[in-house]
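Below you'll find only one chain, the form predicted alone, shown as structure tokens.
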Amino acid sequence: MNAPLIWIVFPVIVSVILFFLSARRYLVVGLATGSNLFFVLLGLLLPIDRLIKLGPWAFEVSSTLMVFGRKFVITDSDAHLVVFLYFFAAFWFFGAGVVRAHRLFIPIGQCMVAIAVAAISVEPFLYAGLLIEVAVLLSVPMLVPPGRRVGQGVLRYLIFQTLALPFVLYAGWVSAGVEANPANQRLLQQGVVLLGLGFAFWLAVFPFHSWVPILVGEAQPYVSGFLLSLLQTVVLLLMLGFLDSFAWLRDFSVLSQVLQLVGTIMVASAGIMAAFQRDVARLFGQAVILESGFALLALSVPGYQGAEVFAGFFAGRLLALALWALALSNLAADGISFGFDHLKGLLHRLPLTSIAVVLSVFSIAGLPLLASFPVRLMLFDRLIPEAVNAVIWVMIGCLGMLMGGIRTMMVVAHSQEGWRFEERLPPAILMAIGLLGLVIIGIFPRWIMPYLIQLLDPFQSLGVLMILPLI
């Protein structure tokens, strides 16, 4: 028995079983949620590479699985990431029964989570690019169920995500030469540029971001929210892994400047676009881009402090996006379009759905007392001494997102009709729990920060990252 078998192979087997049971919606939801929580429990309790005694029996769970000469390694330090990803899956799959997501969502999503764990644990690390591409191809039937026409957003998503693969693989080939001859500056620059382009396609960095708002508007909101949350989270963790694995990349003199510049552009452009959006689904897409920009900004901060801020973003980011996706799915289930013209007076009919959308926008914008505010404050505190101009542009982006939330609030509150409570009870309960979570994390961030920082345990070399002033 070994750890990759438990947290990679077994979940894939579960996804196959769920596929054949997909016609029985609530059974699939229960099995998927329960199995993922079981994987979470194993990650918390099961020691790796240590002897386990159960009465007269003794056995050991090894950390390594060999497949065609490639290693998949999950150690005790990786267990926190495994627990995080499977808890993430259980959280989303439980909500799928409420929003009535397509029957292929949970089986394919389960397999994608297993592939994400495989991508984080594979050695050599660059083979993660191939696994991410497998997950992207696997997600297409989830986004475009049988019988539906493929839209422009899905095609752009597939093209841009696939374009990342050759850049990442070629960067891996170049990295072998850089490690053999670190004094070759030309080769080093080529490696950084190629790797940067690969991650730019993956993370929808400006100007490769046009597909994100379109995809959210085309696909089922809950499915697209899950997909964007999972892929962006895994790619950001892979970025940490690359920085941790390659000393030549960490020591590249302008790396922090580039991360800071790109992050600033992403936050500012997404925020400014959000201020003029008239569709809450496209506003969701801009929020995803803005959050990815904040993650890059966190990685540009010197030393281990930046990585801690980076980890701190996960709770507020994922909860706000999940709550927002749940609210959009509730609107879609009621046949309500996402444009402002169709949302007028929504607060008087669907109050919890309206509040969930508005507070999710405000949390992403960093409004005080909501989940993202404490970590945004930590980031600004670390950026101001070295990059005042970058902070100004980032604040402009946050104000733009806040303006988008205020406009949404004014639209849903504008009504001359009376109050008619039309919320369905199951999604209303989930949204109420999500809203409570946004407030609790915003007021008591210390309750969850220690657990998020444990996600950094596999990345022990990040403390050497340096930063240079930007502008």
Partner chain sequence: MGASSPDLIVHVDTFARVNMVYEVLSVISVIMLLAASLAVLITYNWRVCVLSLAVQYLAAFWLINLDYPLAMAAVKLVVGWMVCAMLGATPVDLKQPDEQLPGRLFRLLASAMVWILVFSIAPSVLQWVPTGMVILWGGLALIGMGLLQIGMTTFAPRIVVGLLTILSGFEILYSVLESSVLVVGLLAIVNLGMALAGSYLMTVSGGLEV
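This one's a predicted model, so the numbers in the text were calculated from it and none came from an experiment. Numbering follows the first chain given and starts at 1.
The next section is about a form of this same protein that is not shown, the form predicted in complex with the partner chain.
K.L.:
Tell me the stretch among 243 to 251, 383 to 391, 146 to 154, 289 to 297 that has any heavy atom within 4.5 angstroms of the partner chain in the model of the complex.
P.N.:
That would be 146 to 154.
K.L.:
For a quick test of understanding: in the model of the complex, does each of Y26, L81 and C111 have a heavy atom within 4.5 Å of the partner chain?
P.N.:
Zero of three within 4.5 Å in the model of the complex.
K.L.:
So, L369 and the partner chain: in the model of the complex, are they within 4.5 Å at any heavy atom pair?
P.N.:
No.
K.L.:
With heavy atoms only and a cut-off of 4.5 Å, decide whether A322 touches the partner chain in the model of the complex.
P.N.:
Heavy-atom contact with the partner chain at 4.5 Å: absent for A322.
K.L.:
Using a 4.5 Å heavy atom cut-off, state whether Y170 contacts the partner chain in the model of the complex.
P.N.:
The answer is yes: Y170 has a heavy atom within 4.5 Å of the partner chain.
K.L.:
Just to confirm, L158 within 4.5 Å of the partner chain in the model of the complex by heavy atoms?
P.N.:
Because a heavy atom of L158 falls inside 4.5 Å of the partner chain in the model of the complex, the answer is yes.
K.L.:
Work out which of L131, L203, L331, A311 lies within 4.5 Å of the partner chain in the model of the complex, going by heavy atoms.
P.N.:
Of the listed residues, the single hit is L131.
K.L.:
By the heavy atom within 4.5 Å rule, which residue out of G345, G196, P166, G339 makes contact with the partner chain in the model of the complex?
P.N.:
Contact check passes for P166.
K.L.:
Going by the partner chain in the model of the complex, which residues of 70 to 86 come within 4.5 Å of it through any heavy atom?
P.N.:
Heavy-atom contacts to the partner chain in the model of the complex: only R70.
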